[in-house]
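We begin with a single chain expressed as structure tokens, specifically the form predicted alone.
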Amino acid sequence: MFRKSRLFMATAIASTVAFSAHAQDNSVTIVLSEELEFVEPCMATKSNVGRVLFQNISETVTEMDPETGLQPRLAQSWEDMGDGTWRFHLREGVNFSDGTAMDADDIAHSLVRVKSPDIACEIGAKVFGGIEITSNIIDAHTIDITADPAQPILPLLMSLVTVTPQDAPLDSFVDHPIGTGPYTFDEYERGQFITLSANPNYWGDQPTVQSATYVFRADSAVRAAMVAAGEADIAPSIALQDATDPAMDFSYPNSETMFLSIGHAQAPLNDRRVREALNLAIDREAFIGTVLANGTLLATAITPPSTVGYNANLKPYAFDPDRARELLEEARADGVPVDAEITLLGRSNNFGNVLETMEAMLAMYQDVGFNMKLEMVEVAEWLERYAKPLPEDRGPTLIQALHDNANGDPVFSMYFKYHSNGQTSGLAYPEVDAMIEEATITTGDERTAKWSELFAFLHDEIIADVMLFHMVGFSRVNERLDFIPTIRTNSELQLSQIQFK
């Protein structure tokens, strides 16, 4: 009875949406679980921003395809010039949506901008943390880019650099992005919708989808019902219990790793025994097939098994509440303030059943003796408490997060998350910093070995975080579309890849 009434409400809400997916045969409506806190291209590695902007509005220099590897995008080719310098040959005849020509000056400006300390772009912190980037313009369509220290995978790093016009400000975010992509950014009515339309001057093939509207609904059942009713075409993320229609619902490993980020500087989290107890207190297996999908993998690292250097020898922490209690008592006997209140901070609507997942973990932690409370916050407040600079008056906090890495190499994760200067790092260990810096500049088997060694050190030696799950995502796609979600759907949704049946 509850299930039927819930779906009836969801369908009724869906029918009020102003933008019917069938209003035009060549338009689509996409229903997202959370709003975009900003529409800044240099923040497009954030999944909720990337689904709208990445490769739709703002294109990258190169592009990583999960099936075929690194491909040209705004650069047609590239070559290693030695000493950390790579030369990129840009496409000719590419214009921004405002009509201005894209050239090497725009690439150089975009690289300066993603590293600008005045706006703290996620792309700069995530891709080029600890790396100095300089450019030398050879001509309008040729640019040398130098990384210090030298980066043997610099062309891969450029697959995340969104290109903006050279007049984009270095000290503030944009609120109406201009890009070279197949779509133009038309309107954002906060709390209601975003609209895009096909860019008539796009350098590549004109897409089949000519316009798109994004709407926001927090409830997974509502999103699923909207697609079923024809009021939306794609719900990129729905919960396990709402994926009930084999004709419309797709499941896939979505490259996201769920974990609890630990701030090591604050007591009692600065004690290794407490961090071990945090790991032993969670019954990870209990979540799979209940609130999380079958096929969800237990995690030992922040990147999925498809990344270079993933250490298959590491074992997830076993569920051992008795040992967790013993560790807390040992720490208490040594004067560690284990009774201090710890905040378990969750991000609302981050994934299907996030609230149920966080409530279950809270109960497990309280059961072994942690003094813990749960706070669920929207993405904007969550980011303020997760990324540096952090609030000075913060107490000990475990922060629930999803980390996406579909690019095949830990370099996109490790500095950002674990280096002392990383934007979301809760660690400050010189040995970790050195290991990250060494792995970043190596190649081949040595690179694989160094990343694998670092994964083991983080998991077994210092117990960096509470590693939980490599996630399985569910999407619902209206049957009128010819579109199959992939591992990248959680972080990008290229409208140009959508066809109609």
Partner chain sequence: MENTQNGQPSVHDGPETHNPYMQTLRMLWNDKWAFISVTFLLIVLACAVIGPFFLDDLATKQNLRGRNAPPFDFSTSWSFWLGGDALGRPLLARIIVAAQNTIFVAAGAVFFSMIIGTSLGLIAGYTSKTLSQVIMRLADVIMAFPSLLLAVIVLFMLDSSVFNLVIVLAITRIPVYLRTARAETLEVRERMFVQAAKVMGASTPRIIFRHILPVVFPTLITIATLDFAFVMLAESALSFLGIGIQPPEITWGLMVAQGRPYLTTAWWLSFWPGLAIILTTMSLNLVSNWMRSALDPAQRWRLENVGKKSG
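The structure displayed is predicted, hence computed values, not measured ones. Numbering follows the first chain given and starts at 1.
Below: the form predicted in complex with the partner chain, not depicted.
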**Report entry** Listed residue (Gln210, Thr343, Thr290, Asn136) with a non-hydrogen atom within 4.5 angstroms of the partner chain in the predicted complex
**Finding:** Thr290
Requested in this report: Let me know the one among Ala428, Leu355, Val112, Met81 whose heavy atoms come within 4.5 Å of the partner chain in the predicted complex, would you?
Outcome: Leu355
Report task. Report yes if any heavy atom of Asn95 sits within 4.5 Å of a heavy atom of the partner chain in the predicted complex; otherwise report no. Result -> no
Requested in this report: Examine Asp283 and determine whether its closest non-hydrogen atom to the partner chain in the predicted complex is within 4.5 angstroms.
Outcome: yes
Query raised in the report: Does the partner chain get within 4.5 angstroms of any non-hydrogen atom of Ala140 in the predicted complex?
Result: no
Query - Distance check, Thr244 to the partner chain in the predicted complex, heavy atom within 4.5 Å - result: yes
**Report entry** Proximity to the partner chain in the predicted complex (heavy atom, within 4.5 Å), stretch among 249-257, 98-106, 234-242, 335-343
**Finding:** 234-242
**Report entry** Within 354-389, the residues that have a heavy atom no more than 4.5 Å from the partner chain in the predicted complex
**Finding:** Leu355, Glu356, Glu359, Ala360, Leu362, Ala363, Met364, Leu374, Glu375, Met376, Glu378, Glu381
